[in-house]
Structures are given as C-alpha cells and as structure tokens.
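Take a look at this single chain in structure tokens; it is the form predicted alone.
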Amino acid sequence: MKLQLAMDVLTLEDALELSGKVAEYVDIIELGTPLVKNAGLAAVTAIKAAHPDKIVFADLKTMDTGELEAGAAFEAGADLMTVLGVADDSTIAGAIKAGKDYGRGVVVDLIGVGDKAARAKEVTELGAEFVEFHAGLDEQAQDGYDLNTLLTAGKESGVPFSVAGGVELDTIKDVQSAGATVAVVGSGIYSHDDPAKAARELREAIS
C-alpha cells in the first residue's frame, strides 16, 4: 500500500517546507484543492521540480471540462489529478483521454457520492487509475462520522481504491487490511508537532 501526503495548506512556501520534511517517507505528494486554487498550477510544477522521484497528485476535483483541466494539470507536471465522481461520465472520460495522451492517470474522487461502491465500479470501467473513497473535512467534523463506512464501501467495490477521511496512525492498519491501494493522510501528518516523525511512523506501520 502506498502512502499519500495530502497538503491542505494555502501557500507554495508552506507546501515546499512540509513536503521537504516528509518526502522520504511518502510515495505520493498531493497538492490539496485549496493550495491549487490559491497558488495555481505553478505550484504543481514547483513541487514536481522539488521532488521529481515522487508521484505528484493535483487535487483539482474537476466537475466539468475534464479533458481541458486534466491536460492543464498534466502539462504542469502532475502525475495524477482528480475528477469528481458526481461529474457526468463524459467529463470523466475526457479527463481519462487526456491522461492517456500524457501517459498519466486520473483518480475519481467519490466525495458526495451516495452509493460509492457502485459508482466506483462504473468509473473504473471508464478507465480511472483508481478511485478515492473520500470523506471531506466538513463531513469528518459531523457527529457520528465513521471511517469504517469508507473501508466497507471500498472492500465492496472490488476495484483499486484509496481512502481519505481522517486516516491516522491508529487507523492506517485498518485501511491496509481493507485492501486499499493508497492511504491518504493529511492532518495526521501536517498537524503533528513533528511531521517527519509522524510520516515515518505511518510508513513503519504499513511496511
């Protein structure tokens, strides 16, 4: 299972500082949607230049003009980008076409999707690299939120999937046991007093 750092920071400076501390322990470096919106796709180029040996993930959460936005992300240096699972199939297919043109991959983010397992199967047939079973920060803050809901849906889908939704050191083994391809960790790393230590412990837990 790969370990993905989700950088939910707002500035390129902060992203470079954070990724510099933890890159050796992670496989994928994600530029979160707020970072891409605030710093632009130039941030993708800068992170890829700083970490050319890492998979760079641009979390665009594209909802329309899939081929256009995916092409822009790949041109900037992204290895992976996201399209929302609630988008029309034609949008997802367009992004995947761009991925094939550039030799890169498209991840479909299931945030906001009701039947995640069923939609995961549909978008995998369209050609998604993998599917992200995702609960956003707002959803995680609600009473009764349970990461196991994502893990169960991921297992039911039977397709390659990642999990993002409050994954931390005490739950990452559950993510691995569920069969996830990628564990996405954000605050479990960047909110830690020592992000490098947190990332190292997560890596050791799944190694």
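Just so we're clear, the structure is a prediction, and the values are computed from it rather than from any experiment. Start at 1 and count along the sequence shown; that's the residue number.
Only in words, not in the display: the form predicted in complex with a small molecule, which the text now covers.
In the predicted bound form, does A118 have a heavy atom within 4.5 Å of the small molecule? Result no; A118 lies far from the small molecule in the predicted bound form.
Whether G186 contacts the small molecule in the predicted bound form should be assessed with a 4.5 Å heavy atom distance threshold; does it? Yes - in the predicted bound form, heavy atoms of G186 and the small molecule come within 4.5 Å of each other.
Using heavy atoms and a 4.5 Å limit, would one call A135 a contact residue for the small molecule in the predicted bound form? It does: once the small molecule is placed as it appears in the predicted bound form, A135 has a heavy atom within 4.5 Å of it.
May I ask you to check whether L202 falls inside a 4.5 Å heavy atom distance of the small molecule in the predicted bound form? The answer is no: L202 has no heavy atom within 4.5 Å of the small molecule.
Please name which of the stretches 157-165, 66-74, 171-179, 41-49 has residues with heavy atoms lying within 4.5 Å of the small molecule in the predicted bound form. Answer to the contact question: 157-165.
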